[in-house]
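Both blocks below hold the same protein chain, though in two forms, and each is given as structure tokens: structure 1 and structure 2.
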Structure 1
């Protein structure tokens, strides 16, 4: 459903949020290791997230990536998805057809409308804080 970059972006943002709750900035290498992603690919994803103001990058010897606690409640998953994948998840055809709409629907079109509505609601209502605290107390995991 999400691109691989988007999956890694969500995992990276959640990990950064968790570390930020503990007052730590994290490096690209640490993030890549924790989310099982190649370092160069992770760096590109973090650059996109930083450019879109999902995460904050601090340069220098004590630098790294962080997310302000005050921002975590307002940072929703849809912001990460939009930063990396755009809005294709909301408008793309379930079968990958170039032209799929109400006038010329694919066989899955009507069923996908309901799924997209539920997905949009979940992405717009789930905060990074919520996901990071699930990790913090051991209810959720980022590695298999």
Structure 2
């Protein structure tokens, strides 16, 4: 469904959000350790998220990554997915046809669009704040 990069990206963003709720800024090393991901690869992904304003980065000692509490409600999963995978998930035919649309649909068009619309709504409505607080109260887990 998602690329590995995107999986790591979401996990990292949720972890950063969680720590930001406590006022802590976190380093790549800590993030990779806590979400069990390859350090250097995770660093690349965090750069993408930073460039796309999903997370905020600070260089130098005491630096690291953080997410403003005020942004957290408005930061939806689809922004992370778009920053990393682009709009692959939203665009294009399920069977890989170049010219597939309502007027000239592939055999799977309607059924595929239905699923993808659900997925899109889910990603557009799920905020980092929501996911981070679920972790905070122990309802969900990030490691392993």
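Take the two forms, find the largest set of C-alpha atoms that superpose within 1.5 Å, and that set is the rigid core. Owing to the predicted nature of the structure, the values given are computational and were not obtained by experimental measurement. Positions refer to the first chain, counted from 1.
- Between structures 1 and 2, only structure 2 derives from the form predicted in complex with another copy of the chain.
- Comparing the forms between structure 1 and structure 2 on their rigid core, the Cα displacement of residue 64 stays under 2 Å.
- Core-superposed comparison between structure 1 and structure 2: the CA of residue 95 exceeds or equals a 2 Å shift.
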